[in-house]
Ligand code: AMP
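In the form predicted alone, a lone chain appears below as structure tokens.
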């Protein structure tokens, strides 16, 4: 099938021609007629299979000019990076249409983004929290939304957006078209569909967990962080095809440590992004990587869903992911648009169980290769790799404080008081400076 077989209009045709896109992917072929029918749709497709165009093309084909310039199409995504990328994709597709799109997300001025929306928007791309802010401030009229698209819904639920999504569904009008796209269909996703969708039609490009056929999946058993660094350096030096490498670390702390370790060897060729980095820094790092100005981009799983980067030559799993599904999302960043790609996993002994879970999900075995002989095996482990032992019910004596070098001053007189019982007679003596008597008759007689 080609795009000629789809009911596209001339503006969309011209835009696709400018983008040099001629053939629809499987998910685009299957989703287009169902979305055009107006029914609710649940699309299951892996990262890199063209999900964004799968929902944008039919929605833009059905869009009608609105003089009021208020959002009638809502796209919800989990990260600010994905907001920007979906917004840019819509702008490219709408080049020959009188359509305005605005992207909004948290972490920046609500007043500024409110002004953008109030200037006029036909399509709104938003993260859940920022959308609720705009609705509660009266900037967005949720009752005018006719189509709501939730992209990467499984990741939204993983990130804790369940409450926000339920709030948004309650704000939207009952009569609307719901479109949901996800790489995996988890129990949480299924529950959300059951509660808020109206007899949705499921469109699936490939079974969940099926690896992309054009990705060569390789792996190495590597004992620790520093040996992994040695192997990575060896591969980068000896494989000229590794010209655009997306490298996944297990945490923000490990991502920063890896960046610091590699920075001296690869100056100006290296970038790192995670949620602790500022918005501008993240955008600049991604843009430099997209443009080919940097060779290596270090990321965490949180950022993996927000990256839409073409022509990634290699994905390197420096650390194996916690969830098997995340492995699919990671490697899907290479081998896109029917091009070949390579994924390389560095697997510690403790991660072999995760490897088994991933292979079981994919029904496919990662090809394990021998470590090159010239790789130096480092014995030292970083703190995150060391065993933690916990000893319970041990009481330790508190060490005496050494006050020899401490600052010390005499107490004030009022603070030197010691609580002690003072008799009434003593009080009187102190007050009157002489013995207090009651005029005893016997004493008078003696006088």
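Positions refer to the first chain, counted from 1. Being a predicted model, the structure only gives us computed values, none of them experimental.
Beyond the structure shown, there is the form predicted in complex with the named molecule, which is absent from this document and is the topic of what follows.
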So the named molecule isn't shown here. In the predicted bound form, which residue out of 59, 70, 34, 53 has a non-hydrogen atom within 4.5 Å of it? 53
Report yes if any heavy atom of residue 14 sits within 4.5 Å of a heavy atom of the named molecule in the predicted bound form; otherwise report no. no
With a cut-off of 4.5 Å between heavy atoms, is residue 359 one of the residues that contacts the named molecule in the predicted bound form? no
Taking heavy atoms only, is residue 23 within 4.5 angstroms of the named molecule in the predicted bound form? yes
In the predicted bound form, does residue 89 have a heavy atom within 4.5 Å of the named molecule? yes
Counting only non-hydrogen atoms, the one stretch of 36 to 44, 23 to 31, 60 to 68, 374 to 382 within 4.5 angstroms of the named molecule in the predicted bound form is 23 to 31
